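As a starting point, one isolated chain is supplied in structure tokens, in the form predicted alone.
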Amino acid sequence: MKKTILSGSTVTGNLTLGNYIGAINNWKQLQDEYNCYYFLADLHALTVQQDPPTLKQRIYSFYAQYLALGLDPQKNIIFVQSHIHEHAELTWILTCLTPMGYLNRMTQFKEKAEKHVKNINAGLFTYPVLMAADILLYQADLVPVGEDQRQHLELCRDIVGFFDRGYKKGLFKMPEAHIGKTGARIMSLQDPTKKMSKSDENDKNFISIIDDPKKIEKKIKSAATDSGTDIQFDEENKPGISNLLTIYSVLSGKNISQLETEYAGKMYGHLKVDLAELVLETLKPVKEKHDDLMKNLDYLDDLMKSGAERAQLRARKTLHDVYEATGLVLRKP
């Protein structure tokens, strides 16, 4: 029996080169080995008030980006979170089991609360419980996560323990982290001490996978570098160059040592010119396929419907078992 992997991305901003390298590139390598569930986290996006027409368009665009990046809708179950009502239902049940003290400790809540002082809403606070419901509904064995999401996965594991002790032991699988070995953390182009983020307010900090080619080239050539001239991987003393080398290594398949040898005696500008060319070559077919898919929303609707129907088979079974375990009366068909 294949193990189950689940992951998703919040539909804010556009998917970045960091998302591609750190997550989706790894997802493609998993689709033959595991039962893969990949979703668009549109409910998570609502913790920040969205412009409705923009959000709707972005959901289609994200789905098209998933496909353009190589996720096969036949090999994977690709769906929109809000199309499965079981996510919201399980979230409420798990929220009633989760102590507020555990949520108070969530680092991302503290960071986002500082960033959005005028909108510290309950959804932002309980966001990790919805994330736990996302994982547990599909009985995921593994969850690809970056270091910044490890705390949320640990809370999910705690919630499994709360349910085991409060209702029924073993109903949920205990999920484990699955972290890609390469390129797990791509940093901001202008501030390489911070992770590249699609929700960054500074457009120069990230490369969107559907950015205009000239824009991509300009962003890479203006990326922050470090003192000195040696092109060497040193995350502590040369975070800027180390970030560029990481991107180059993942996209080219060459290891860091090879690149250091190739660029020995060369200037930072040489590396940036070559990296820009490599990134453009990598993303050109992605943008072309995305733009083509966005011309046929009916086709995307059909794929979303099919993905939701396949995902709901497992979600419905899990929620049925949860209702029985908690004593809720199931509605008769």
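Since the model is a prediction, treat every value here as computed from it, not as a measurement. One-based numbering along the sequence shown.
As for the form predicted in complex with ligand TRP, it is not shown, yet the points below apply to it.
Taking the partner from elsewhere, every residue among A41, H44 and Q149 has a non-hydrogen atom within 4.5 angstroms of ligand TRP in the predicted bound form. Contact check for T10: a heavy atom falls within 4.5 Å of ligand TRP in the predicted bound form. Although the partner is absent here, Y248 lies well away from ligand TRP in the predicted bound form, with no heavy atom inside 4.5 Å. L6 belongs to the set of residues with a heavy atom inside 4.5 Å of ligand TRP in the predicted bound form. Among heavy atoms of I135, some come within 4.5 Å of ligand TRP in the predicted bound form.
The partner is absent here, but in the predicted bound form a heavy atom of V145, alone among L244, V145, I78, I207, sits within 4.5 Å of ligand TRP. In summary, among the residues M131, L189, L94, I84, the only one with a non-hydrogen atom within 4.5 Å of ligand TRP in the predicted bound form is M131. Shown alone, this chain has one stretch from 135-143, 259-267, 167-175, 233-241 that lies within 4.5 Å of ligand TRP in the predicted bound form by heavy atoms: 135-143.
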